[in-house]
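Starting off, we have a lone chain in the form predicted on its own, written out as C-alpha cells.
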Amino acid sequence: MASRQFLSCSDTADEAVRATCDDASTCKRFATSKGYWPDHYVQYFVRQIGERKAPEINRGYYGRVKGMNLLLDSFLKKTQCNCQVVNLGAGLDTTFWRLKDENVMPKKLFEVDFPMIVARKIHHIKTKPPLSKPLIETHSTDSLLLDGHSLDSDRYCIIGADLRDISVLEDKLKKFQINPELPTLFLSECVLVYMSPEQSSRLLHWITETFPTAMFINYEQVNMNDRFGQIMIENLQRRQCNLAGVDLCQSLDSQRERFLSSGWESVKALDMMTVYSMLPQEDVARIERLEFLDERELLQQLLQHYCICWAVKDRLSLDLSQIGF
C-alpha cells in the first residue's frame, strides 16, 4: 500500500504528488533490505536499494505496513475472502503478490492510481516474470487485458483514474466488474490528504451510497496543528506538495468525524505510536535490534503525527466493527 495522491490546482502540484509514490517505494525497498519485514517483490519495482534511511523512518514504515496489513488480513478472515479490495492510490504496492503467496486472495483486488503511475507499474509487470507469472496463475482464460493504462484479470485489476473524478472512477470500476453487493475493503495511504475536504467527502459519500457492506482503512497525517506538524507541512510545500486536505488531519476526532459525516456507521482511529505499541511485541523487539536508534523521542514525535483510521458499514452483519488491534 503506497503513498500519495490527487491534488488541486496545477499540473506541477499533481506531479509533486506523483513523486511521493517513488518516496514511499524507495523507503519500503530500503526497510525490507534491512530485514524489517519480508517483501520479495518490491525489488522488481525499485531496483536500487538507494541511500540509507534513518532508523526512525524504517521503524515508521514498519508500523505502517504491519498496521495496515493486520487490518486488511482481519477483513479477509472475517469475510472468508468472499470480498473485494480496492486500493486507492496504490502506487507500486505489492499486496497482490503477498496475498497470492499466502493463499488469502479476495475475489478480486482493484488498484487505482494516476494513469502515469499505472503505466509504469504495468510495464514492470509485463517485463518481469516474477511479477507476471503469479498474475497468469490466477487467471483462467485467454482474455487477460494488459495495455498501457489498465490491467484486468480474474483476480487483479489496475485502473488509471483520478479520484477527484467520481464519474470516471465509477465507470472504470464497473467496466472491470466490481460487484457492489460483495463486502468491499477500501485502502488508502496518504491519499485523501492531497484532496480538498470537499473532494474526499464526495469520494467517501459515493462509497457509502454504492457499497452496502464496506470498510475503509486510511493511513494519514494527524495532529498537524503543532510545531512538528507545521514543519512537516513546510517540508512538503517546498517540494510543491500542497496538503489540500490537512484541515481534516488536525486530530483523531477530526479524522473520525470525516467518516461519520459521510455515512459510515462506526469509526475508530489510533495514532501510530499507539498502533506500534499494539503490534506483536516479539517482532517489534526483533526489528528494534536491527539498527541502533539514537533519539527515541524523534520516533515518538513522528509516530504521533500519523494515524490509522478505519470505518465500517455493515449491512450484511459480518461484525466488521469488531476488527481492530
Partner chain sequence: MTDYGSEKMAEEERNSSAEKLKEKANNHFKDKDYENAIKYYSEALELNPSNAIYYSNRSLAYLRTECYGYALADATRALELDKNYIKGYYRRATSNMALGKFKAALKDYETVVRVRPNDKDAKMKYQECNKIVKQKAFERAIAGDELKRSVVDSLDIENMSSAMVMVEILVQVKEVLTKLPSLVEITLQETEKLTICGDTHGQYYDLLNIFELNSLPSPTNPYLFNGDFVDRGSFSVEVILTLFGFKLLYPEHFHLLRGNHETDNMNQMYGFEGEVKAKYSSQMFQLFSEVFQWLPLAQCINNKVLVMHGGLFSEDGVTLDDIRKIDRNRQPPDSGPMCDLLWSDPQSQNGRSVSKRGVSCQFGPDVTERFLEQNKLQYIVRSHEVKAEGYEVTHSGKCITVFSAPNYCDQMGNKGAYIHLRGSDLKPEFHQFTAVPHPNVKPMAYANSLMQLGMM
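Just so it is clear, the model here is predicted, and its values are computed rather than measured. Residue numbers count along the first chain shown, from 1.
This next part talks about the form predicted in complex with its partner chain, which is not shown.
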Its partner chain in the predicted bound form: contacted by all of S200, W206 and E265, heavy atom 4.5 Å:
no
Its partner chain in the predicted bound form: contacting segment from 276 to 284, 66 to 74, 46 to 54, 253 to 261, heavy atom within 4.5 Å:
46 to 54
Check Y156 for me: does it contact its partner chain in the predicted bound form (non-hydrogen atoms, 4.5 angstroms)?
no
Hey, in the predicted bound form, is L182 touching its partner chain, heavy atoms inside 4.5 Å?
no
Residue-level contact is defined here as any heavy atom of the residue lying within 4.5 Å of its partner chain in the predicted bound form; does Y61 satisfy this criterion?
yes
Though only this chain appears here, would L236 touch its partner chain in the predicted bound form if you measure heavy atom gaps against 4.5 Å?
yes
Heavy atom contacts to its partner chain in the predicted bound form at 4.5 Å, residues of 264 to 299 in sequence order:
E291, F292, L293, D294, E295, R296, E297, L298
